[in-house]
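Before any questions on how it binds or moves, here is one chain, the form predicted alone, in structure tokens.
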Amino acid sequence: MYTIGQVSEMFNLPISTLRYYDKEGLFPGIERQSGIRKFSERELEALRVIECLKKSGLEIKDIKQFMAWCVEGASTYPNRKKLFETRKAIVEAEMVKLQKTLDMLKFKCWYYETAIRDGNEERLNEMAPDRFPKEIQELYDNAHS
């Protein structure tokens, strides 16, 4: 069993956030000893899932719905699976966008490193995109697709 302070440190979350989650019913079976919350492995796993869903863009009200489904039991497995499939697709789409952004940043770093080395952009401006080095060409293509 863990105290709220220990869980706060483990997850790098403010104690107030953990209290808010509890108030919102996200830890339905949390044990209390003399009014003090005691977090078990069950609550830690719930917190891992909560944080995952938050990072995927899900709002607290929807996370509450997920937690309610968990309490309802096996009949809600399809709902829970669909929720995770939807979040997975959203995160994968975001990762594609972020990869394009990263590739543009890498391309521009190479571009300006080359311009600094050359002292100008003349050679770069004369270079058609298909004459970039292969790995730079791949970055350029992805960033511009």
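Note that the rigid core is defined as the largest set of C-alphas that superpose within 1.5 Å between two forms. Everything quoted here is computed from the prediction, not taken from an experiment. The numbering used is simple: start at 1 and walk along the sequence shown.
Just so it is clear, the following notes concern the form predicted in complex with another copy of the chain, a form of the same protein that is not shown.
Asks: Would residue 42 count as touching another copy of the chain in the model of the complex under a 4.5 Å heavy atom rule?
Replies: No.
Asks: Would residue 68 show up as a contact with another copy of the chain in the model of the complex if we use heavy atoms at 4.5 Å?
Replies: Contact with another copy of the chain, no.
Asks: Going by a heavy atom distance of 4.5 Å, is residue 38 a contact of another copy of the chain in the model of the complex?
Replies: It does not: once another copy of the chain is placed as it appears in the model of the complex, residue 38 has no heavy atom within 4.5 Å of it.
Asks: For residue 108, is any heavy atom within 4.5 Å of another copy of the chain in the model of the complex, or not?
Replies: Within the cut-off, so yes.
Asks: Assess the spot marked by 52, 92 and 120: is another copy of the chain within 4.5 Å of a heavy atom from every one of these residues in the model of the complex?
Replies: Affirmative, all three are within 4.5 Å.
Asks: Can you tell me which residues in 83 to 108 come within 4.5 angstroms of another copy of the chain in the model of the complex, by heavy atoms?
Replies: 84, 85, 87, 88, 91, 92, 94, 95, 97, 98, 99, 101, 102, 104, 105, 106, 108 sit within 4.5 Å of the partner.
Asks: Does the distance between the two CA positions of residue 119 reach 2 Å or more between the shown form and the other one, the core being superposed?
Replies: Yes.
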